[in-house]
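One chain is shown next in structure tokens, namely the form predicted on its own.
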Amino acid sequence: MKRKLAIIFLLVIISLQIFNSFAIQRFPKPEFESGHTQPPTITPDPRAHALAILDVFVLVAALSVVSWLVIKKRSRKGVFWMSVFAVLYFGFFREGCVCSVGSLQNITLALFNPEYSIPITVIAFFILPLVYTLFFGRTFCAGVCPLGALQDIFALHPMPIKSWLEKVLGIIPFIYLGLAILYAATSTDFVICRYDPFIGFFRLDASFMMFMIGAMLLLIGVFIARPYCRFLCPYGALLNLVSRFSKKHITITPTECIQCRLCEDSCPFGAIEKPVLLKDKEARPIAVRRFLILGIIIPVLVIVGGFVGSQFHENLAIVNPKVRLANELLNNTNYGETEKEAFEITAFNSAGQSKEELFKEAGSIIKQFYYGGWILGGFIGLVFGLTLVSLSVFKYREDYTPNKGTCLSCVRCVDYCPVLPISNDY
């Protein structure tokens, strides 16, 4: 009942976006003939420093409460209502910004561009979830991230998917992470923010296409729980890695597992690892041979991936505005405009920069993408290689345990366990 009420409330808010989206499509931006002077754009003042600090305190409080609910109280009900709070505060009230998911782009740009000044609050939003994840697992994903919380509320009838497919789709967030870092490092674009499928819901200003993508993900999320978190989120890829070293982590049973198997299919994210007995272990010579083969394959994948990535550097660089402008001027294609000069070219001609200077700057950016392509391709090759290793490693387990990397600490599984805690202090 509580989930249905939350969904109805959110649907009322989101439905407002439908009218806004159609309005954007129905009334395009007017185009004026020469002689009209456009009024100056009024840029709103940045968010007050005191309110930005308040956001950090709210983030710390939310992370602390959710971590307590997950590790100590083991309360699914509490985590659910914290998810609703996250959607309302970090989502609709704060309009999805500052967002920990997108903050990694700000961090990257600050590292590669000394002229870029990054607010301390953005650094806090990037680091704090990682710190809490290192100590308590992915409690940020459980009930603090508004993107995940919105999807979690819509996970009404989750169905399992094949483990091999889960592994393959799990590679996509690392590819997205690499691309986001590359485009941010080259000052090209913040692709995570640009293609965030839910930010338009929170701000009620999504284009019709982005609104439909977000709505499609929510619809898919009814049956495939949290599709964006599991198969797209680049920040989730970082949390996946950090969570594997978490000091404390949610456990299905508070004490000793009695092998009742009630929790076996309780996780909508496929994060529960089943017991693996010694009798299922493969012969040692076969395992050694497999690891030797993988030891050769992984470096080959890294080198091949780097080479392939470097060959696509021009395709990747064309997204950069300066590279694209230089390409349009060089080939005289005018951005596809036939009857009038494209706005970008008009702006360039009025700026006073010569074409030679632009071409030189664009060449420097393309060179950055060449080296970045090597790194990106090598990183993707490494991810593929480590995925193969994870599919080949034998891990002896006596109990049903959450996978520290993929477990989102939603606490659903604990309600299936009949074992009671030893004391109320657990």
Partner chain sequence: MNRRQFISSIGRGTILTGLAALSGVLIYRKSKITEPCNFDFICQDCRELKSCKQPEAIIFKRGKEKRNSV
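Positions refer to the first chain, counted from 1. Remember, predicted model here, so these are calculated numbers, not experimental data.
Separately, the form predicted together with its partner chain exists; it is not shown, and the next lines address it.
Annotated contact segment (heavy atom within 4.5 Å of its partner chain in the model of the complex): 117 to 125, selected among 178 to 186, 117 to 125, 303 to 311, 285 to 293. Screening Phe223, Trp81, Tyr195, Phe135 for any heavy atom within 4.5 Å of its partner chain in the model of the complex leaves a single hit, Phe135. Taking Ala342, Val131, Ile171, Cys257 one by one, only a single residue has any non-hydrogen atom within 4.5 Å of its partner chain in the model of the complex, and it is Val131. Contact annotation for Lys247: at least one heavy atom lies within 4.5 Å of its partner chain in the model of the complex. In the model of the complex, Met216 stays away from its partner chain, with no heavy atom inside 4.5 Å. Interface residue remark: Ile107 is counted as part of the site for its partner chain in the model of the complex, having a heavy atom within 4.5 Å. Using a 4.5 Å cutoff between non-hydrogen atoms, His49 counts as a contact of its partner chain in the model of the complex.
Taking its partner chain as it sits in the model of the complex, the stretch 193 to 220 never comes within 4.5 angstroms of it through any non-hydrogen atom.
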